[in-house]
Each structure stands twice: as structure tokens, then as C-alpha cells.
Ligand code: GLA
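One chain follows as C-alpha cells, the form predicted on its own.
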């Protein structure tokens, strides 16, 4: 990938570019908690987006995407927003940097990635993060790392139509090899936890069912959570997010909110606690508890939050049958991957069963991605 990018840059622009990299992410547990002010527990992975970048002394950005085989040029004013969805991520990062007082001049760039698209590994956050990090360094803006993550998040909100939380961009910027990060999405406090599950593999099974997070389903769930939190706040003024509430307080307003809003809130309040339980378990090297919490999360996402689908539920049930330690849908839902914590001696049997039985049922095999926890945004 590296040589391909550098060669293309030289061909297009006649000079060498500086290489930057940012990673996709997994989230071990803590799904749909980020925009509810709760905890998430992500890590950067060994799949990412790499970009060669160089200032060009103009007020125009010229970018070539190897994966889309497409060249786009745009200016840096609000009215210059490009039509191509992939280019809007880069344009948004430029605009959000400028809004924060950062300097952004025209530049040339070529990028490519190996983050599987539509698998819930956050290729968009990796793209935002690599450009946010690179432009910050190239222009000497001195914007601190947390604000770089917020630049990516604001890009999603303002230029791509997804009201996402901060987790994906945070993991892409702050990722550290061999560590997961517990992030409090309300306060911004974070802590690294070593993740070296000896005797286990972390594997993703991609259903190849693609989800569009910008679809109304994601935003609808967010609105449900906000309504439930607002109802609880009438009794408990300290509640700004669902993460501030407990189950008893939710029960108090059961007859004041819809059944749908109640179920969404019930899931979130349970999930916030599961993240803390998993962190405690990791400090004891208790991977059995970690796995059981993953299964509980899947149940909640499937039955209470209703963001699973037949293919994901099938893989989750199969994981139980194969004695997989932990398994759950990962990411926004509506397709994508299950994340599985598998004992090494059971790995081959599980993968073989998953491929065979999934293909029998759905007509194609799931894709298999073995992931390793890696570093986040950096200059190469």
C-alpha cells in the first residue's frame, strides 16, 4: 500500500509526499453509549488509512483516492463542498480545522486504505483522523489530540449527516499498541488498559451486509435516548445523559415514555455498567467474564436496542454453540461484523463452522478478519 501511494503521488504531482497513517478501530464493549455520555472501550487496529500529503502553495486541495480511483479538487470555503462523499470527509476536516483557528492551505494528497468498508471498523474516522493529524502537523497548528478527534466528529455531524459520538475518532487518534482505552464520553477522561489475551484470538466475522449509519435508524435511536433522559431529568435534575441515570430512575418514568424509548434506555443503562465490569475483569485477567458481558451486550443490542439483523444473530448463536468465549455485534449495527473472543484451540473449528453454516443459510461465507490492537494516528 505504501509504495503504491508514494508512486501515485510522484506520478500525479512530480514530487514526494510525507506519509501519515491512522487506524480503524474495534470496540470491545460499550456500544451506542458514546452519545449517551457513557463509557466506551475501543482500541485502534492493524487496518487503517495511509495518506501522502504535501502543501502545494495554493488555496486548492487536490486529492486522489486509490480505492475509488478518483481525483477531486476543491477550495477551502464553505461553498466549495465537493459532491463525492469520500471527499467531504477531507473537506470537512479542513473546514473544522479552520473554524477552530487552525491554518489550512492548499495541499496535494493521495490515500488508500485496507479498513474493510461497511464492516463497522470505522473507515470514515480513520480517514478523518489521518487528515486531521497530518494537517495539524504540516501547518504547525498545535491543536491538541482530543480536539483533533472532535474535528473528525464535527465533520461527520456537519458534512456527512451522521450525529455520531466521539468514540471512533478518539480511538483512531489515541490508539496504542497492546492497549484498549476506557473513555468517559461525558468528561473526556480516559485510561489505558493492557489487552494481551494470552491463549485467545480476537476475530471479526463480517456478514457482508452493509449498513448506512446516516440512515434514519441511528438518529432515531439517539432521539429515543434523549427523550428518556429528559423524562428522568424532571425527577433527577443532575441527569444530563442516560449514563447519569440508573435502572430505578428509569422505572419511575416507565408510564411517561413509550415502550420503545424505555427499551432503548434500558439497554444503554445496562451497557454503561458492563463496560466497567469488563475493565474490572481485565485487571484480573478474567476473560470468561469479559466474554459473558459481550454476549449480554449482543442480547441487548438485538432485543432492546434492535440494531442487529438475522445474519448477526445467526453468527452470535453459532459462537455460543462453538464455545466461543465472547461474541457480539460490533459498531452501529444493521449489518457489519460480530467481534469474537476465541480460545486458540477452538479457533479453527469455529471459523470452519461459521463459514460452512453461514454459507448454507445465506448463500455466501462471512469474511474473516483477525485483528491486533495497534497504534493510532501517526507520521510514518
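Given the structure is predicted, the values throughout are model-derived calculations rather than measurements. Positions refer to the first chain, counted from 1.
What follows is about the form predicted together with the named molecule, which we do not show.
Only one segment in the set 246-254, 167-175, 273-281, 96-104 has any non-hydrogen atom within 4.5 angstroms of the named molecule in the predicted bound form, and it is 167-175. This chain is displayed alone, yet in the predicted bound form one of 218, 241, 262, 74 has a heavy atom within 4.5 Å of the named molecule; that residue is 218. Interface residue remark: residue 335 is not counted as part of the site for the named molecule in the predicted bound form, having no heavy atom within 4.5 Å. Taking the partner from elsewhere, residue 42 is found to have every heavy atom lying beyond 4.5 Å of the named molecule in the predicted bound form.
Proximity of residue 331 to the named molecule in the predicted bound form: non-hydrogen atoms within 4.5 Å are present.
Contact check for residue 311: no non-hydrogen atom falls within 4.5 Å of the named molecule in the predicted bound form.
Residues of 18-49 lying near the named molecule in the predicted bound form, listed in sequence order, are 25, 30, 31, 32, 34, 35, the criterion being any heavy atom within 4.5 Å.
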